[in-house]
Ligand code: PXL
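Coming up is one lone chain in structure tokens, specifically the form predicted alone.
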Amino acid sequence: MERLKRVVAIHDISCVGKCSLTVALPIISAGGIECSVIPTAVLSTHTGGFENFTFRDLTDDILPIVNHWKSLNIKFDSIYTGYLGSIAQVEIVEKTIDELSNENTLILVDPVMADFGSLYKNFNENFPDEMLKICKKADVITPNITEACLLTKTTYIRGPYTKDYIEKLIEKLKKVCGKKIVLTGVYFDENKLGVATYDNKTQKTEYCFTEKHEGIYHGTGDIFACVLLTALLNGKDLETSAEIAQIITAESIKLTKQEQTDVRYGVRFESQLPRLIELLK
């Protein structure tokens, strides 16, 4: 029997709202991969649309967890980083990557910090430069358009985009992460939404699109990154992995939209887990 691969997901826990670690654990596990976690914070809910949520910072717990794992000689096939709540956490996660990785460890960095042209409110203007340091350690990065602009100091524009704008942005991102890039939130018209991928092995930029659904759906970036990582660790190439991630994310949004439920609570990704398993075969 093939050895079970192991990922460590470094993310917050939003106890309600289906994002961060509460989607990473089931998605990565469904892909036949063990998912270990380093929680960076615990919140009663995510911060998108909820008020009076509780928040407990776990920054001081990260390195003791890492040191304990090192004492046990635990090895990881992949390190996946998502939302990091402060510059201090970014610096600690830099060290964590150095401590837990080797030349065979796949490092996927989702530089969660901004959307719709603006940094999230709790980050200052220095945060993108700190996030850049982690991105330079990555094998795969998954920024959205806003995050890509902040990482490359490119002027942000609202879509629909031109192919020229997207491919110039990817050229700049290659200097940030010269291996694999998945740029999310790409659209050339109002009907299709997707991603642009760049793989340093093929040196090609490819596109994948699905039906565009209007609205803000919390946790979908986390779902996309987790499915992408799971597919990569199951031996799929970057383009195929991005296509699978796009399908699962889009279908989860579609089901949620059809049900007309309160979108603050996340999307119906659970119903797509059987399909994910089939697509990975």
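One-based numbering along the sequence shown. It should be emphasised that the depicted structure is a prediction, and the values quoted were computed from it without experimental measurement.
The following text describes the form predicted together with this ligand, which does not appear among the structures shown.
Student: Please determine, with the chain shown alone, which of 112-120, 150-158, 133-141, 175-183 has non-hydrogen atoms within 4.5 Å of this ligand in the model of the complex.
Tutor: Correct option: 112-120.
Student: Tell me, out of 33, 247, 63, 43, which residue has a non-hydrogen atom within 4.5 angstroms of this ligand in the model of the complex.
Tutor: Only one listed residue qualifies here, and that residue is 43.
Student: Using 4.5 Å between non-hydrogen atoms, is residue 47 touching this ligand in the model of the complex?
Tutor: Although this ligand is absent here, residue 47 would touch it in the model of the complex, with heavy atoms inside 4.5 Å.
Student: Within a 4.5 Å heavy atom cut-off, is residue 10 in contact with this ligand in the model of the complex?
Tutor: Heavy-atom contact with this ligand at 4.5 Å: absent for residue 10.
Student: Does residue 267 make contact with this ligand in the model of the complex, using a 4.5 Å heavy atom cut-off?
Tutor: Answer no; every heavy atom of residue 267 is more than 4.5 Å from this ligand in the model of the complex.
Student: Against this ligand in the model of the complex, would residue 83 count as a contact residue? Criterion: heavy atoms within 4.5 Å.
Tutor: Heavy-atom contact with this ligand at 4.5 Å: present for residue 83.
Student: In sequence order, which positions of 232-266 have a non-hydrogen atom within 4.5 Å of this ligand in the model of the complex?
Tutor: Sequence-ordered list is empty.
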